[in-house]
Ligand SMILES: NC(=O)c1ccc[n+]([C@@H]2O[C@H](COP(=O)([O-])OP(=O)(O)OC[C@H]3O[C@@H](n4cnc5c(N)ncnc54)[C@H](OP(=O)(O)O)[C@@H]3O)[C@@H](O)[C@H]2O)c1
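In the block that follows, a single chain appears as structure tokens, in the form predicted alone.
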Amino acid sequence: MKGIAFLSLPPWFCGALEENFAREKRMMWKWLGALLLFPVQMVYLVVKAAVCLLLPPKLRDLSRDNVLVTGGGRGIGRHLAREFARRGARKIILWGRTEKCLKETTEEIRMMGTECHYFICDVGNREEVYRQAKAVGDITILVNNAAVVHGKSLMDSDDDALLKSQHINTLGQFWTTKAFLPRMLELQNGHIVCLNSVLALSAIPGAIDYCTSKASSFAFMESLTLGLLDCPGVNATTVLPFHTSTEMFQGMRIRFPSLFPPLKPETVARRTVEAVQMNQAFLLLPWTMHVLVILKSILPQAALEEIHKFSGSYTCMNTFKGRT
């Protein structure tokens, strides 16, 4: 009886198999280690955040910062300019569409002892943004604050008005960020700030243009914030305030104003600049808005609709008389 002949594999092939097996084994141990380390990292980050709430934070020194605020002539934009000046910013640049308001705010900031200049610029106009950006020079803190609202339902909205909201509230941030971010990355020093709205997370009837644009803006900032993780010295902050008492939303009414009073613009400005100095990525104002986020993630749609009706947010834009 003849013996069975076994196939003999060449040595180089056997070596390749062994090397591949060893590599797979190392990868398996690497993934296992990462899996075990992940919950430890989560606990550490939560504890670190809790400790930071109790300890006084280290604030960014603004004395070397050139700050640009879009929509800086009035409303929250004007208060932001004041707050940055009060906290020692080196130079403040204001962009807007109404020269009278820009000039008044610029003179006020100069009276505070801070260098300030203004430029007429519609952030919804890409070419205008890029042209004015070249005239401005280096900016280390960009505050995207400019916004418009028309306060109408979809069917009552003019097409051009809808486009205007998207161009200013959303696309404007694309153009300003593209204009100034490259130099920030080169200097490894910069901060992109977005004055958004809680309506980006919980829309209401009667402001479909505003809610849509703010939701898009929020997604833009979420993506940008993650994209900057590997960019040393450059960070981002998104602020989502509740209804703020400015002329922009004049006439807006909710059912229980004593329980949910509108925010003061100076409060929003102060908390925004603090968030920048503390390098806080996202800020909801007031803190009770966190409850809204939780409720939206766990309650059925029918329950959320009843909350809108009970709180008055369902009809709050019926009395809207704000600035568009």
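In this text, residue numbers run from 1 along the sequence as written. Remember, predicted model here, so these are calculated numbers, not experimental data.
Beyond what is shown, the protein has a form predicted in complex with the ligand; the following relates to that form.
- Taking the partner from elsewhere, S153 is found to have every heavy atom lying beyond 4.5 Å of the ligand in the predicted complex.
- Taking the partner from the other structure, the ligand in the predicted complex has a heavy atom within 4.5 Å of a heavy atom of T98.
- The ligand in the predicted complex comes within 4.5 Å of no heavy atom belonging to R82.
- Mapping the unseen interface onto this chain, T176 falls outside it, with no heavy atom inside 4.5 Å of the ligand in the predicted complex.
- Contact with the ligand in the predicted complex, defined as any heavy atom within 4.5 Å, is confined among 194 to 202, 109 to 117, 219 to 227, 154 to 162 to 194 to 202.
- Listed residues M248, I208, M184, A133 were compared with the ligand in the predicted complex; M248 is the one with a heavy atom within 4.5 Å.
- Proximity to the ligand in the predicted complex, defined as a heavy atom within 4.5 Å, singles out one entry of I139, A89, V148, A236, which is V148.
- Using a 4.5 Å cut-off on any heavy atom, the residues of 71 to 85 that reach the ligand in the predicted complex are, in sequence order, G71, G72, G73, R74, G75, I76, G77.
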